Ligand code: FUB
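The chain that follows stands alone, in the form predicted on its own, written as structure tokens.
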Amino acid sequence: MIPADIKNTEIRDEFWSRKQALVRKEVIPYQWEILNDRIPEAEASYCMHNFKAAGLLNEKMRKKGDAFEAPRFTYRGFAVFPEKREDAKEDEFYGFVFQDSDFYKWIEAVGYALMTGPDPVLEETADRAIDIVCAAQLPNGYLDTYYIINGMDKSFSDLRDHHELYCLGHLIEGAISYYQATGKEKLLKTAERYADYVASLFGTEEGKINGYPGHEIAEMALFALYDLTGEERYKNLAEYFINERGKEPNYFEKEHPDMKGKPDYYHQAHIPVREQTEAVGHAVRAVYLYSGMADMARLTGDAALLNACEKLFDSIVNTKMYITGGIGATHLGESFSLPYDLPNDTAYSETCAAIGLVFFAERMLRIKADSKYADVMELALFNTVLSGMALDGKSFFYVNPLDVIPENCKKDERKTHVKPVRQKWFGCACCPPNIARLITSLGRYIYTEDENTLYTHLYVGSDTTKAVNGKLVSVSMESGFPNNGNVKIAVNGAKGSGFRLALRIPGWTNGKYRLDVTGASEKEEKDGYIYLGEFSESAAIDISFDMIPRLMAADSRVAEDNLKVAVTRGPIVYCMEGVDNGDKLRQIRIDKNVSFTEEMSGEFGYDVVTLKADAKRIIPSVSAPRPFGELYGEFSSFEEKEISLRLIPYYLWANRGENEMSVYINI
């Protein structure tokens, strides 16, 4: 299966069209200003500064008529920032070693945005930016500003930490998006030249580098470049990176002898990929790798690799995923923790990790239409991904906790990674442009297709077409998600074509739905999808899924959540905020038979379903004697106070100022 052509899919959805318009009109222009260091209150990026500095050095060499020779490499640490922006020198590198990737993700979002409609001003800005970036590329194809500026003698000498291949991956993905949107090849050819140069250096042959990326993404990007160009060398390079990972001797031990004898879980290089069954290490790197593995399994039919992907997906979803679709429980290494270790107030749950989980789930859907993959994709999208960006698109969460007391975040070293309000930008700014590129590319995730069947994975109001046996079938969908579960689909032009339509049954419905079909027959229900076929020239499908509030409990092995519940409604996870319910949210308890009242609220700028319920605030009373002073005493009773509890969608928290928040409620 392949994703339906995004250029043939027009999103016109009350919920998601608003998000896409926000990214196009506000987020992309704002982030362009950030990349050029023109937002004083935000952390400096230095991204475009570095490309200009590398281009300046390149131009000097060309004018001299000499072969390129950058200064000898001087290691200056993982990241360098001047004390003041005005102290930055025009010919020096600043920021993290992977700073180039911020532009690549930005241009990818621009490309997807332009696929939804023309924008001459944005396209002109992008073209000028591409000129700056391409001017930094060396004659041999190499393009990484950190080494071009600091010295090429150490390039590809630290694959574990220095992200050259990571930046290549994002360059490829950004270049493909912009080419598909505009037909302009300049950035794509730049990406191909860099990929060709890398392919000439890496491999198992004598004299070649036999390493692989420390931070994965090049794998799935190279498969995408192969899909676009048909060039086998890109597929072969991606397969090489995947096949070599985890083999003994571990390549990273050559670069870092201090690692010798230590299993490299952090980089997913502890064992060969086909033997991996538990998701471990840096969460973003992991799901990027697993996405590339799924691509390879799809393209090659490698059964062992597919089996590993299935086990890794199940490891994440069944033992290491928050109810919000967030992954990566610990700030130590931004990593997965042990199975069932999912603390709420110290959760890392990086926005990029949830985005990577969407990538992984979507690639598994290309292999097999199983609703469990689409359920996870939907969960992450509606909750942790959207939580990562404020309603105005100008501040962001890197970390997405499930329980927040602002004072603790500021004063407790164990929780300082948790921010009670979104930040304008980050020195390590992977998350904001990642959100932008995912939301603008949403059309890739609604449908997949094979020869005769269009699979509907997300219920997003949209129009699309599919060619089947010489006929062009049009499918138009209207969706009430996430406010209600009513969906209407019209199919035209399918008569006699053999066209089939598969409709996902969301897992949160417990298999219950109402279906009314005219002009087609219901064929079968399989793996969480309803398959319809034998269409008339025009057909109408009404399908409805009950969105009722549900109390969700974690597996008892998740100790953090024992005697607590979370509230969900359809794909949305809800939370309490102090602004609605007062401080000390952990004192609040609801009854297992609680009844919720749904209320439509416009306070967030558009209609949102909020929930109200009767609850109690419970405060334990302590009596004398107090043998250890005031802190402890003999329990006597509970003081109970009846309250009205209000819940809002989790993705909306922290849009009304700094206050407490909690997803889980005592029961």
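Just so we're clear, the structure is a prediction, and the values are computed from it rather than from any experiment. Start at 1 with the first residue shown and count on from there.
One more form of this protein exists, namely the form predicted in complex with the named molecule; it is left out here, but the text below deals with it.
Participant: His163 versus the named molecule, in the predicted bound form: is there a non-hydrogen atom within 4.5 Å?
Facilitator: Close contact exists here: in the predicted bound form, His163 approaches the named molecule to within 4.5 Å, heavy atoms only.
Participant: Whether His282 contacts the named molecule in the predicted bound form should be assessed with a 4.5 Å heavy atom distance threshold; does it?
Facilitator: Yes.
Participant: How about Ala129 - does it come within 4.5 Å of the named molecule in the predicted bound form, if we only consider non-hydrogen atoms?
Facilitator: Outside the cut-off, so no.
Participant: Residue-level question: is Tyr398 within 4.5 Å of the named molecule in the predicted bound form, judged on heavy atoms?
Facilitator: Heavy-atom contact with the named molecule at 4.5 Å: present for Tyr398.
Participant: Looking at 163 to 171, 538 to 546, 585 to 593, 445 to 453, which lies within 4.5 angstroms of the named molecule in the predicted bound form, counting heavy atoms?
Facilitator: Within 4.5 Å of the partner lies stretch 163 to 171.
Participant: Which residue, His215, Lys415, Lys235, Arg366, is the contact with the named molecule in the predicted bound form, using a 4.5 Å heavy atom cutoff?
Facilitator: Filtering the options by heavy-atom distance leaves His215.
Participant: Sort through Asp100, Glu219, Glu350, Glu378 and report the residue having a heavy atom within 4.5 Å of the named molecule in the predicted bound form.
Facilitator: Spelling it out, the residue with a heavy atom inside the cut-off is Glu350.
Participant: Does anything in 425 to 459 come within 4.5 Å of the named molecule in the predicted bound form by heavy atoms, and if so which residues, in order?
Facilitator: If the 4.5 Å heavy-atom criterion is applied to the named molecule in the predicted bound form, 425 to 459 yields Cys428, Cys430.
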